[in-house]
Each structure stands twice: as structure tokens, then as C-alpha cells.
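Take a look at this single chain, the form predicted on its own, given in C-alpha cells.
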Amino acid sequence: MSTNLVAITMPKWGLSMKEGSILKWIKSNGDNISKGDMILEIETEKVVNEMESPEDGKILKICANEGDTVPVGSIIAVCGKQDASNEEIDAFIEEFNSNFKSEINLEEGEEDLNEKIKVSDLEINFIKNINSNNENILFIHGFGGDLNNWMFNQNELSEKFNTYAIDLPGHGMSEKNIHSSTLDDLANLISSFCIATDINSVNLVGHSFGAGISIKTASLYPDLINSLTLISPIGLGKEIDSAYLENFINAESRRDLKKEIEKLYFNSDIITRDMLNEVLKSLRIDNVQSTLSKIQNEIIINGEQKNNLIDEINSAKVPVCVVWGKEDQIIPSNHHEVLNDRIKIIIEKDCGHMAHIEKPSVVNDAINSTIVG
């Protein structure tokens, strides 16, 4: 059998993803592809996104059609650097399938990846993926998000690092009712979480409000932090779409919520019906709206950003990288202009407030290079 053939498989976006649906093939049989080219659109329960080619070569055979839902890891196309006969391709697919064992959906009795731990009298939900590497990454999501926001980042980076992603208080599956939500309080919570999980040093990756928490944590606990990768951080300027926070909290219908969620993305096609339903469901849980309102009051005052973190980020003693979507509608990307020359800045075009979802390979490369130098 030809050793030229390579299987392109359904990616695993997020530690809990088990299957994906093929919405559209961007490339066709016979097309030449380069590593990083967008080759198809995939829908999961959480999001719609484009898959990048993992290989250089030519698509020799597409094995899964538009509309098909297939397990993570199953073959969806065959790629090669040169042509192969139909017999060789069919034999390659048959051998792959004979060795493939699909991941099935969680059934009763199977292990749930979510863990809960008591931190500062709050129950905090998190997911971890541990390997033998000593470097730890902790992902901190933004306002209104949860640990699933890191679906394109945590799983891939777990191949090289120990990774943790948490639900902040008032979000996801963590405690919903909190009394104080200042950046100092939440930085203290991050430090306490690290103590509770035996993390002695950590690389923080934060988005928006979570990036502000990361900056504050590095300021208060410099001996704990090895590096900062920050995505559209708060605290570097006054401007912010304050109406987004207010309307997000008070959304009563999927239509109302969709108008706000669309502001987060350059390409709003990424938003799924399931995503909107899940967010609406979480907003209706007792104490969620009141807790989000408390956090909102720690982010904005009189329609402008409340926090000024410029001196703290510029005086950080660890490597810092800031990634910003050029078309960010929530926090303007030109806020990066206050940063000093020691901080690496990546401004990504065709990208909004959620670079870690819209441009995951850019963010993953930034995280990796910030940690390893």
C-alpha cells in the first residue's frame, strides 16, 4: 500500500466533543491544499467553524458528505502528495476503518470531565488535561462565557502542556451567587485555585474580562505566573460597548440574544441555535443575572471601562503577548497602542472579539511561543 496517503479526520474541538456535522466542503476532490488552508465547515453543538488542512498535498477522496454527522477521529478525506489508484485509496480507507475506534457520547456511568473544587467558599467547576510536562496553562474566559470557549485551544495545547480551564463564579457550572467580583477578588480566587490544585507556577491565558483578571493576578502574585497571553483585554482604554453587557444580561429571547452575540464575531455564521439556547438557559438560572450585573459594575462605570491596568501590564516581569481581532466591536483593537515594546502584539484581520474561536491556530501559536520563547 502507498505510504503517500494521509487520513484527514474529524477534529476534536474541546475535550467533551464526540462528533461533528459536515456543513460544507470548501475544497473538492482533486484540489491541491496547503497546511492551514480552510478545507471544510463543521458544526458542533457549540459552534460552526472552518477546519484547517493538517497537511500539504491533494485531496484524493472525500469520504464524508455534506450533512453527514461523524465521530471525532473518523476519516473524512484522504490526502496525498501524489496521485494514487482507486484500489490503493480504498484499501487505505478500509485499513483505517478497521483500526478506528470511535468516541461515543457520554452514557450513564461514563466519566464526566468536569470537576468541582471549593475555592474561597465558592464551588468552582473546571476541566483539566494532564500530561508529564511541568508547564501549566490556566484558561480564564470572559464575561458571559464559560470554559467551553476554549474548545479550539485546550485540547490541542494539552498535547504539550498541562491545561486547566475554569468556569468563573456566576458562569458555566460554577457557583452562581457571589458577594464581590472585583478584579482583586477574582485574582485572589485564581491564586487560591492554583493552591487547591497543587499548581506552583502557571501560564495564564485570559480573554477580555478574564484577561483583566490575568493581568491583576500577575500583579498581585508575580511568583506564581510564568507568562500572560491576553485576548482583547479590558483595562487598556476607556472605550467599550457597554450596551453589549447590559443587553446580554437582560436578553429574554433567542432573537434578542443573537443580536448581541453577533457583535462578538467577525463572521456571525459561527453562531449555532444550540449555542443560543444554551446561553439563554444559563441566564435563567437563579442568581446568574444578579451576579453578572455585579461583574458588569466592575467592568464599566458611566458607559466607560472602570479599570486601568496599563501600568500593571507594562510592568509585568514575565513574557506577555496580546492578541486582538482588528474588527473587535466590543473593545477597540487600537487600545494596544498603550503597550510598551517588550509586549508582543498580534492584530489579526477578519477577526472580532473572540480570536481564540475565530482564529484558534493564531492564538495557539501565540500561547506556545509566549511560553517556550
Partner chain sequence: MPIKTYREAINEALLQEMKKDENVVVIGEDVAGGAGTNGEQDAWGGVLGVTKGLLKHFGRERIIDTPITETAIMGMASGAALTGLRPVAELMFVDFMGVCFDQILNQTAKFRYMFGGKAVTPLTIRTMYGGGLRAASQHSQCLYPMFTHVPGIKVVLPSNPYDAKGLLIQSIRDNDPVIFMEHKNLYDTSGDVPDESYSIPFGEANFTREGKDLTFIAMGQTVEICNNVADTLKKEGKTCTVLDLRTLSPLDEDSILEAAEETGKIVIVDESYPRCNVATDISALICQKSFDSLKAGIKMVTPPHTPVPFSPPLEDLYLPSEEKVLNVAKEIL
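Residue numbers count along the first chain shown, from 1. Model, not experiment: these values are computed from the prediction.
Same protein, other form: the form predicted in complex with its partner chain, not shown, and the subject of what follows.
Asker: Since the chain is shown here on its own, which stretch among 237 to 245, 134 to 142, 168 to 176, 87 to 95 would lie within 4.5 Å of its partner chain in the model of the complex, judged by heavy atoms?
Answerer: Comparing against its partner chain in the model of the complex, the contact stretch is 168 to 176.
Asker: Non-hydrogen atoms within 4.5 angstroms of its partner chain in the model of the complex: do N4, K58 and N364 all have one?
Answerer: Not a single residue of the candidate spot has a heavy atom within 4.5 Å of its partner chain in the model of the complex.
Asker: Just to confirm, S268 within 4.5 Å of its partner chain in the model of the complex by heavy atoms?
Answerer: Residue-level check for S268: no, no contact with its partner chain.
Asker: Consider L224 of the chain shown here, and say whether it contacts its partner chain in the model of the complex, taking contact as heavy atoms within 4.5 Å.
Answerer: No.
Asker: Quick check on D286: any heavy atom within 4.5 Å of its partner chain in the model of the complex?
Answerer: Output for D286 is yes: heavy atoms within 4.5 Å of its partner chain.
Asker: Just checking whether R273 would be counted as a contact of its partner chain in the model of the complex - the rule being heavy atoms within 4.5 angstroms.
Answerer: Answer yes; at least one heavy atom of R273 falls within 4.5 Å of its partner chain in the model of the complex.
Asker: So which of K160, R254, K81, K263 gets a non-hydrogen atom within 4.5 Å of its partner chain in the model of the complex?
Answerer: So the residue touching its partner chain in the model of the complex, by this definition, is R254.
Asker: Note which of T69, Q329, N308, N314 lies within 4.5 Å of its partner chain in the model of the complex, where distance is taken over heavy atoms; exactly one does.
Answerer: Of the candidates T69, Q329, N308, N314, T69 is the one lying within 4.5 Å of its partner chain in the model of the complex.
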